[in-house]
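What follows is a single chain, given as structure tokens, in the form predicted on its own.
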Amino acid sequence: MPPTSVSPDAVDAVIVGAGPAGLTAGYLLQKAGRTVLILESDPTYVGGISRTVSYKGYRIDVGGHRFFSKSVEVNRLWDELLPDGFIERDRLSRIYYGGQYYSYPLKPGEALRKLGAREIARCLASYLKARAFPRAAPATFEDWVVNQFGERLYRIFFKTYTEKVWGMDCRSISADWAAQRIKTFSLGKAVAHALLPSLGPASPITTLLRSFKYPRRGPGMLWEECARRIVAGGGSIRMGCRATRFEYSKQAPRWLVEYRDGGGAIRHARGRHLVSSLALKDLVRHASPAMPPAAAAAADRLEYRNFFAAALVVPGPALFDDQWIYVHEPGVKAGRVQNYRSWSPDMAPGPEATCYGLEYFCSATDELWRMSDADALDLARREFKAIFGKDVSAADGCVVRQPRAYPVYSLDYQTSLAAIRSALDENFTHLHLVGRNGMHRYNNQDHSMVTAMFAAANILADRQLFDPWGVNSDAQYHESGHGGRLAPIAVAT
């Protein structure tokens, strides 16, 4: 990044994290004439989990990102940052289960053919039973999904993949996760229509997203442009800088943020406002004055799942055109497989080879996370062969890691979150929590942006105009062309 004249002692807002939330807040504040300093721990990439990593000319979308939103302001900001940078893509994804591929969203005729009429009938009977005799007061993911789709569909299409992602039994995951991410998308209706079309609507799954827009060189293209504009406008982004302490002075009021730069030196930044997309656990741990013991204990209970993609460069044409395949097969550890060129042709330098990403979900203490990159690539090569039947033992590749990619919705996470929020409200002002980790909520990229827009509006007005906690992840919103609507907002800039 080019040098900047902004003094860290004179900024209006110190922003921790240069992901979608942090950069959105920084861009809107800087555009409105406020001074901002953004601290990013990654030494190279902005964008957080929405970054694009380069490897020998191949571009890797960390986690996969479809660009669509109900928010007028989000779409307007995307177009403002990349007026000529987006392409339209058809949605292509499938489920791999039982050695077979199922289109996602489910196609009734295909489901009937591959599951078989007997299994479809069992699924329908299980579904009708669950609707007639639901589990009372569903508190867990399993309870919620079984009530919605029946025991049999739950075990085929939900249990294995969900337990791969979260590393725990579905009975230990809060029903909040299902309510936010699955919503009213009904596999039960799809299967019922497959078995008895006359009982279902003419188009049982018309709500799922069919196309989306995508930056030509991956999501990082958008956030790199956002960062460039922030710096060009006089803002400061400091890469390779990890925040280590957050000291609040009630008298000013003012925040003093201590951080280590890329060379290990301890430095300080001062700002009237602190915008944090840092993992909530770490913010509480490093806050000064120290948080009350109950809030500190609540923060210690928050859990996260890490993620890594083992990217393999395989000579020859692509084996599939899907953006990704959901791997529900319990015999392999990979949860998804991406074909990065299917997001955009510009994600690969040429047609000679295809770069695939096998995605793994794990906790910090798991052997899977601790294995070396070489061992992770060997695992990916073996599992690629197990899934696709192709020997890729000689394939080149790299490993891209993302710690704390997903906040865990454990059964008690809401209680912990309530205790933390109460203590933060009581002890600090001019603190704005944004984004997925900053709020310990599984936000989509655009939801994270809206929380940052709300924070920016509150800072500019110097009062609480909007409540970022009112922004929710919503699966029908996530997958559909209608429903789960985000209310349009107006941010003064």
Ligand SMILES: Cc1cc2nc3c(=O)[nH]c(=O)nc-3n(C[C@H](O)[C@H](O)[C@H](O)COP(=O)(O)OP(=O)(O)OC[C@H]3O[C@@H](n4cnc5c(N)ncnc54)[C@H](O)[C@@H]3O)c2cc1C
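Start at 1 with the first residue shown and count on from there. Keep in mind that this is a model prediction, so the values were computed, not measured.
The form predicted in complex with the named molecule exists for this protein as well; it is not shown, and the discussion that follows is about that form.
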Quick check for you: of 33-41, 422-430, 52-60, 458-466, which stretch puts a non-hydrogen atom within 4.5 Å of the named molecule in the predicted bound form?
33-41
Would K70 sit within 4.5 Å of the named molecule in the predicted bound form, counting heavy atoms only?
no
According to a 4.5 angstroms non-hydrogen atom cut-off, is G26 in contact with the named molecule in the predicted bound form?
no
Considering non-hydrogen atoms and a 4.5 Å limit, does the named molecule approach L278 in the predicted bound form?
yes
4.5 angstroms heavy atom contact with the named molecule in the predicted bound form for A13
no
Looking at V327, A405, M347, A130, which is the one with a non-hydrogen atom within 4.5 Å of the named molecule in the predicted bound form?
A405
Just one of R217, R94, K164, R336 has a heavy atom within 4.5 Å of the named molecule in the predicted bound form. Which one?
R336
Judged by heavy atoms and a 4.5 Å cut-off, are A311, G397 and R401 together in contact with the named molecule in the predicted bound form?
no
Would you mind checking 231-250 for residues with a heavy atom within 4.5 Å of the named molecule in the predicted bound form?
C241, R242, A243
